[in-house]
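In the block that follows, a single chain appears as C-alpha cells, in the form predicted on its own.
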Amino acid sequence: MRKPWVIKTDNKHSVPVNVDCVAIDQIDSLPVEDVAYWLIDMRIWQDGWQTLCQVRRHLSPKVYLRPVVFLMESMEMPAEIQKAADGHINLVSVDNAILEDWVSRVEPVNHWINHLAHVDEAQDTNIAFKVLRLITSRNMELEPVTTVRRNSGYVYPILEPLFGKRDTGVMETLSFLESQHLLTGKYVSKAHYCSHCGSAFLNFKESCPHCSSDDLAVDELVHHFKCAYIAEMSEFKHGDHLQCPKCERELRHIGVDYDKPSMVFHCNQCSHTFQDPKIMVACYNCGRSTEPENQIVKVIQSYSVSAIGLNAAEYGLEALFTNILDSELRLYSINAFHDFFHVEAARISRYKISSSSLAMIQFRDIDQLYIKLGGRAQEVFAELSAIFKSVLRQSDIITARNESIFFVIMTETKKQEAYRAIERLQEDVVALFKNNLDFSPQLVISIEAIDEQMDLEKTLEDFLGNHAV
C-alpha cells in the first residue's frame, strides 16, 4: 500500500499531520515506488516552491513524476504556483481520510510510472523528454495560464519547476515536441512580444509623426450640418452648450445638428497638429520602442500528447541528433566500438608504422540547444551532422555514449593531426550556432594516442569523470 511522504522544507513550522518525513537530499534512500505522493508545506510558499523545483529537477522518473500535493493554510499565493502541484489540502481540515482519499486519486499516475520501461535505473537528463513524460503521466491537456509574474505573460504551471531560469525554454521546448509530432497543439490565443527581449508587456502609444513625442493633446472634430463648418470641439463650446462659431446656431443633438467625424492631435512638444498619429510600441521590460509590425507575434496553444508521444514517453525518446548523425555517418554500438579499438590497437602495436588517435567529444549544453532551437531543431541538427561528416573520414569509427558524448577512433591520424581536425570541428560548430542563435555551445575535447597498453574503458571513464558537469 502506497502512502504519502512529507518533504521537509526550510521553514520552521512543524507539519500537523501524522505522516513520515524525508529531507530532499534523502529521497534516493526511500523505496520510492511505495510513495503515493509528496506532501509539501506551503505556509511559506517561497520555501515550498524551491522544494517542488528540487523534486521536479531530480533525474529519476520515480521521483520527479511522482504526484505532489501542497499543504496550504490559505490561498494567498500566485495562482500559477498553486496549479503547479497535482492538488492541495487545507491544513485546517486535514485528516487521515483526506490523505487516504488522495492516495486513491493519484494512483493512476503511480501505476503509469511503475510500468515504465527500465524505470528503476532510468536517469532522464533530456528536459524535453521530462516535459513529455510529465504531461503524459497526468493524461492531461496542458493549458496556459496568464500571469504578470513572467515576462512571457503565459505559463504552463506544472512545467515551471522543471526549468532553472524564469521565462526560459518552456514554450521553445513545447514547440520542439510539437515539431516532432509528440505533442498536438490547439489554438488558444495570440500574443505580441518585444523583438529585443521577448517580453509580452508592451505599451502601444500614439506619438507625433514629426518629433516622435507621445506628449499629445487630443480633441474631437465637429461637423455642423447646417453650414458645413468643421472645427475642433473646443471652438464650438460656448458655456454649457455647443454653438457654431461660423453661423452662431446652437447645436443640440448629435446626428441631427452635427456629427464627430474624426479626432485631431496637438503635439505639446513641437506644436505640430495632425489627424493620423504614429503608433509606437514601448517595452516595459527593456524600454526599447519600435513600430508594431516589428514585434514578434506568437500563437499560444494548449497541448495534448499524440499517439507517437504516448509511445515515446513510455519506452524512450530516440535522440534526434544521434538519429540524424547516424543517417550521415554510421554510428557503431559501444560494443562494436570496443572491438574496433582492440583491432586497431593490435595493428598499431604489431606493425609500428602508423599512428591512430582516440577523440572524445562532449556537448555540455545539448538540452539548451533543444530549448533554443524549438521547431528548428531537426534542420539545425542536420547542419551539425554535415559538419561532423565534413571533418571525419569514412575510415573513422564513431559511437555515441548518449546524445551529448561521442567517441571517435581516428585511424592513421597522429595526435597532433587529430587535434587540428577536432578543433576545426569545434570552430565550425560554434560558427553554426553563433550564426543561427547567437549562442556558443560548450564543447569539451580530449585526444589520446592509441596503443595496446591503453585501457579503453578507463580512458573513457576518466574523461567522463574529469569533465562531469
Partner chain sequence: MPFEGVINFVNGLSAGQILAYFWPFFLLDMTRYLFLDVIVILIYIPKRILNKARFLNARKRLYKELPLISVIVPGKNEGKHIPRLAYSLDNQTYKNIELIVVDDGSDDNTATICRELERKGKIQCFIRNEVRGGKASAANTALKYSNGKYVIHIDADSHLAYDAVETILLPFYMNPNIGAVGGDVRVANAEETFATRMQAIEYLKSISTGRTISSELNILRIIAGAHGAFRRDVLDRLYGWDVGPGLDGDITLKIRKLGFRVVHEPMAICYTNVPTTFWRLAKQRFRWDRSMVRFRVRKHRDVLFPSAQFNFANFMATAENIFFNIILDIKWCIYFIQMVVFYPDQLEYIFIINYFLYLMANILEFVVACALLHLSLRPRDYFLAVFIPLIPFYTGLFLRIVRTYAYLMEFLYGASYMDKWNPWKVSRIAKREKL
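For clarity, every value in this text was computed on a predicted model and none was experimentally measured. Residue numbers count along the first chain shown, from 1. Between two forms, the rigid core is defined as the largest C-alpha subset superposing within 1.5 Å.
Keep in mind that the form predicted together with the partner chain is missing from the display, and what follows is about it.
Since the chain is shown here on its own, which stretch among 356-364, 215-223, 179-187, 116-124 would lie within 4.5 Å of the partner chain in the predicted complex, judged by heavy atoms? Result for this chain: 215-223.
Hey, in the predicted complex, is Tyr315 touching the partner chain, heavy atoms inside 4.5 Å? Close contact is absent here: in the predicted complex, Tyr315 is far from the partner chain, nothing within 4.5 Å, heavy atoms only.
Contact label in the predicted complex: Phe274 to the partner chain, heavy atom within 4.5 Å: Yes.
Since only the chain is shown here, I'm wondering whether Gly255 would be in contact with the partner chain in the predicted complex (any heavy atom pair within 4.5 Å). Close contact exists here: in the predicted complex, Gly255 approaches the partner chain to within 4.5 Å, heavy atoms only.
Although the partner chain is absent from this view, report whether Phe340 comes within 4.5 Å of it in the predicted complex, heavy atoms only. Phe340: no contact with the partner chain in the predicted complex.
By the heavy atom within 4.5 Å rule, which residue out of Glu73, Glu143, Glu235, Glu328 makes contact with the partner chain in the predicted complex? Contact check passes for Glu235.
Of the options Tyr332, Trp102, Tyr229, Tyr154, which one has a non-hydrogen atom that comes within 4.5 Å of the partner chain in the predicted complex? Checking each option against the partner chain in the predicted complex, the one that comes within 4.5 Å is Tyr229.
For Tyr156, is the C-alpha shift between the shown form and the other one 2 Å or more after core superposition? After core superposition, the C-alpha of Tyr156 moves less than 2 Å between the shown form and the other one.
C-alpha of Ala231 moved at least 2 Å between the shown form and the other one on rigid core: After core superposition, the displacement of the Ala231 C-alpha between the shown form and the other one reaches the 2 Å mark, so yes.
Does superposing the core leave Asp219 with a CA shift of 2 Å or more between the shown form and the other one? Result for Asp219: yes, a 2 Å-plus shift.
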